[in-house]
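The data below hold one chain only, encoded as C-alpha cells and taken in the form predicted on its own.
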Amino acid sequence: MQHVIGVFDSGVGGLTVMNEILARIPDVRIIYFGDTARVPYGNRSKEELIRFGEEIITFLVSQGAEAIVVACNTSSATALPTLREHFDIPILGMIEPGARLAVEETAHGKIGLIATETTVRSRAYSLAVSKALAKGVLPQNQGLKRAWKKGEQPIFLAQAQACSLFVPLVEAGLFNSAEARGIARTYLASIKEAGVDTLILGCTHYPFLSPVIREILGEGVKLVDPALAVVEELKRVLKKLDERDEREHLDAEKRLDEGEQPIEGQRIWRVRYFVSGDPELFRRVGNTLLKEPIGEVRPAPWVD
C-alpha cells in the first residue's frame, strides 16, 4: 500500500531527508512542510518548538499523513517527546538514529557533532551515543569493537560545535560560496583540533555543505548524515502500517477490481510542498538543491 508520510523542517534543510526517503523507499508519498516564516529554529525556546510542531503535525495529519518525520534536529532534541505524547501516530526524530549510525561508523571512538546552538546545548546527541552503546550498538570497525569491549578504548562525543550561520547560508542558497568556506573554517577549527574521526551533521541543512566540510576536514573524517538511519527506521514503521492496513488494502483492491475508480489524483502525486513563508523563494532555493525540480509550492493557510 502506498503510504503518505509527513516531513517537516524549519526550511529547506529537510529536503535532504526527503531525498533519502524517495530514493530508498520508492512506494511512498510525502507531504513536505517548510516553516520558512520562522526559520531558523536554532535560537527558539522549547515552548515555541513544541507549539510549532503541534501546529505543523496537526496540519500534516489533516492532509493525510500517516506517520511524521521531524526532519529538524533542533525540534528532535527538544520537542519530540512532548509531540509523541500529543499525537497517536508514529513520529520519528533525527537524534537517536544519527547517534546509532555514528557509533557504527566511528573508526577510533572520537565522534564530533556540528549542530544548532539549541541542539548542542541540549546534549541530546551525547546522551544518544551513550544510549546506543548501552543498547548494544557497536562499531563496524572490529579493532575498535574489541578494544571497547575490553574497556581499552572509549567511544564518546568528543567535541560539539554550534554553527548558527550555516542554516541562513543554505536558506539563501550560499552553501557553496566563498562566504560559506570562510565561516566553515572558523566553526570546524575546534572539530579538527579534537581529532574526531566521525562527524555528525546534526542539522538537516548541513548535508548541503558536505563538499565544503570535506574540503576543510579532509577525507579522513567520516561525515554522518542521520537521514540515512532515519530511512531505515521509517521502513520498519511502514512495515507495521502495512500489517495494520492489510485488510483495508485488500478491500480497496476488491472495490477497484469491481469497477470503482480511485479518487482523482490519489495515485498521481509523489510530493506536495507547503511553506509558512514565501513559496517562490522556497521553490527557487529548493531547485538549486534538488535534482528533481520542485513544481507548485503552496502557502500554509493557518500560519499567522
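Note that residue numbering begins at 1 and tracks the sequence as displayed. Please read all numbers here as calculations on a predicted model, not as lab measurements.
There is another form of the same protein, the form predicted together with a small molecule; it is not shown, and what comes next is about it.
In the predicted complex, the small molecule lies farther than 4.5 Å from every heavy atom of Leu113.
Contact check for Val39: a heavy atom falls within 4.5 Å of the small molecule in the predicted complex. Looking at Cys203, you'd find a heavy atom of it within 4.5 angstroms of the small molecule in the predicted complex. Shown alone here, Val167 lies within 4.5 Å of the small molecule in the predicted complex, counting heavy atoms only. Screening 221-229, 73-81, 138-146, 153-161 for residues having heavy atoms within 4.5 Å of the small molecule in the predicted complex returns a single hit, 73-81.
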